[in-house]
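Encoded as structure tokens, the following chain is the form predicted on its own, with no partner shown.
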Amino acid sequence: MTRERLVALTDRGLVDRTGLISHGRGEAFDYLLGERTTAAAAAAAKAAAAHLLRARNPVICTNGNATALDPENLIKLATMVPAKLEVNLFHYSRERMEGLIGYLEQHGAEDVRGRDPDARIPGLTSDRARCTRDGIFDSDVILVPIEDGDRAEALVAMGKTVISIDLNPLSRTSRLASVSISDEMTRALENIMASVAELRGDEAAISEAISGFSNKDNRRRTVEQICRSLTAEFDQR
């Protein structure tokens, strides 16, 4: 069903064809992780929720793939935090931007940013540099599901806390992010929302979730889980 939805939105011009390659690569890592939320991913989702709750100007940034995969939960999380929702595209066109924002609005989103960029992310030469000043540019904490390494690096260089949702724990995005959630996007968003509900109003718990989290150690746990999955069948024989 997910693949068919991506193909349908590719035909409509909302998802770029290269996004299908990206999705297939993510699926491969999901198989290796057992198509479930690991303990490491759950811990990362909790740390992500804490950062979003503590943020001055949190932003959820979405692209074609993320918008196609789960617009409902992107909107729910943005409303719940609350955080601003902004569309940012590598393969940019005015028509595609309008189409994706319209798609989010059809699912209930309001005040989606991206139509009228008035700032640029330093260090990027692609259309990904286009952003809004009160959104991505001025954010202190930014959630970037299905990210590319160039923009993640540029956002980190701006001093932002970058939260990634990327099934590949070895990608440049996962290595650079402050919090790397190696999980399928819908599972990750639902886990972040559950942690937002759990942590809201508990400043001590929020501080502990942030200070007690090591992204390097958590990524190591994810890689170790993949290694166990790869060898489990042989260990059972």
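Quick note: we count residues from 1 along the sequence shown, nothing fancier. In this text the structure is predicted, and so the values were computed from the model without any measurement.
Omitted here: the form predicted together with another copy of the chain. The next part is about that form.
Annotated contact segment (heavy atom within 4.5 Å of another copy of the chain in the predicted bound form): 164-172, selected among 180-188, 56-64, 164-172, 196-204. With a 4.5 Å cutoff on heavy atoms, I226 counts as touching another copy of the chain in the predicted bound form. Taking the partner from elsewhere, A42 is found to have every heavy atom lying beyond 4.5 Å of another copy of the chain in the predicted bound form. Contact annotation for E27: at least one heavy atom lies within 4.5 Å of another copy of the chain in the predicted bound form.
Although another copy of the chain is omitted here, in the predicted bound form all of D11, L20 and D235 have a heavy atom within 4.5 Å of it.
For the partner-free chain shown, R3, E4, V7, D11 of 1-15 come within 4.5 angstroms of another copy of the chain in the predicted bound form, judged by any non-hydrogen atom.
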